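One chain comes next, on its own, written as structure tokens: the form predicted on its own.
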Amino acid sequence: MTKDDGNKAMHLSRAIQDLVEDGSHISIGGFTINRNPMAAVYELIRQKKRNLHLYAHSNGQGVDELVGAGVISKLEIAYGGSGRFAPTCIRFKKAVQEGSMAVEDYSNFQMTLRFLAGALGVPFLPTRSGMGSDILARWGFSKEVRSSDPKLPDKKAVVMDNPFGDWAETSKVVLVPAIRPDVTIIHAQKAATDGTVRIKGLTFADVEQAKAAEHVIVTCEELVEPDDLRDNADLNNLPPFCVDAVCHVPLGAYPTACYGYYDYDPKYLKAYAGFAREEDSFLGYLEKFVFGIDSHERFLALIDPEQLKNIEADPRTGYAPNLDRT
């Protein structure tokens, strides 16, 4: 699949099947319980993708379900949590404790810089973040693992002398390696058939993640014609040549929030936390909500319509102001 300005609209199942191979290095957008590409997460699980190397900034629900379903073998992340429902993601925590998945952690700022380096096409970027912490000393991947995967840098990070001497009163800097995913998957509020993408509200690291990747899949609330995004073009975040597939999936971030469209679903996230605590109940959850259906539309049909109505966003604030979040 090539990047051009043609019609890139397609069904999500085809986009995942065509672009994500077992063993791929992938990245997903969103932040904790905001704008996770959940429909794509469920499709990855449903298609039983395996041995994926996942990059995420500070993700929550998406990471936890992918890890719990056995899709991920290696993870690079700054933080994995779903707010008050799971301050540390539950299946993620279990996988780390059991040693079933290798994890390498960076600071939030370091992960942002790593995606930015990939987007800029440079091998690394310097920072002061991480100095004085164990982040630089504790590696999640051994030298042997790094040498066996040409997509991994030889080192987690490098501390070096400031090449400009004591200029700016900084004697040491940390070099963090670029991330260049095979595929980045994000969810946006609006996208055009040619691949133009418009995100409303905070973009988190999604734009950098997309620009760093070889291929990009975008799920969206609204699919429009290219002319519809040419007015106020300064509000667009990604141009067509960055995107390979656009998939129209309303409520595609559910049960996480999509600013301006719907809030996160506290009832679902609380129930999920209960399912995720035990292996048997989590497998039952996957069977009902992922494997037992064939699309995100059928997944949404399992949710109480009244609850979906409760999370509808207020047009002025962008979220559901009267939502019971307990």
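No experiment lies behind these values; they were computed from the predicted model shown. In case it trips you up, residue 1 is the first one in the sequence shown, and so on.
One more form of this protein should be noted, the form predicted in complex with another copy of the chain, which is absent from this view; the next part is about it.
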Would you kindly say which of C220, I199, I72, I217 lies with a heavy atom within 4.5 Å of another copy of the chain in the model of the complex? I199
All of V122, W167 and N232 with a heavy atom within 4.5 Å of another copy of the chain in the model of the complex: yes
In the model of the complex, is there a heavy atom of another copy of the chain that lies within 4.5 Å of any heavy atom of P250, even though the partner is absent here? no
Can you tell me whether T193 touches another copy of the chain? I mean in the model of the complex, with a 4.5 angstroms heavy atom cut-off. no
Would D154 count as touching another copy of the chain in the model of the complex under a 4.5 Å heavy atom rule? yes
Residue-level question: is A178 within 4.5 Å of another copy of the chain in the model of the complex, judged on heavy atoms? yes
Residues of 92-107 having any heavy atom within 4.5 Å of another copy of the chain in the model of the complex, listed in sequence order: none
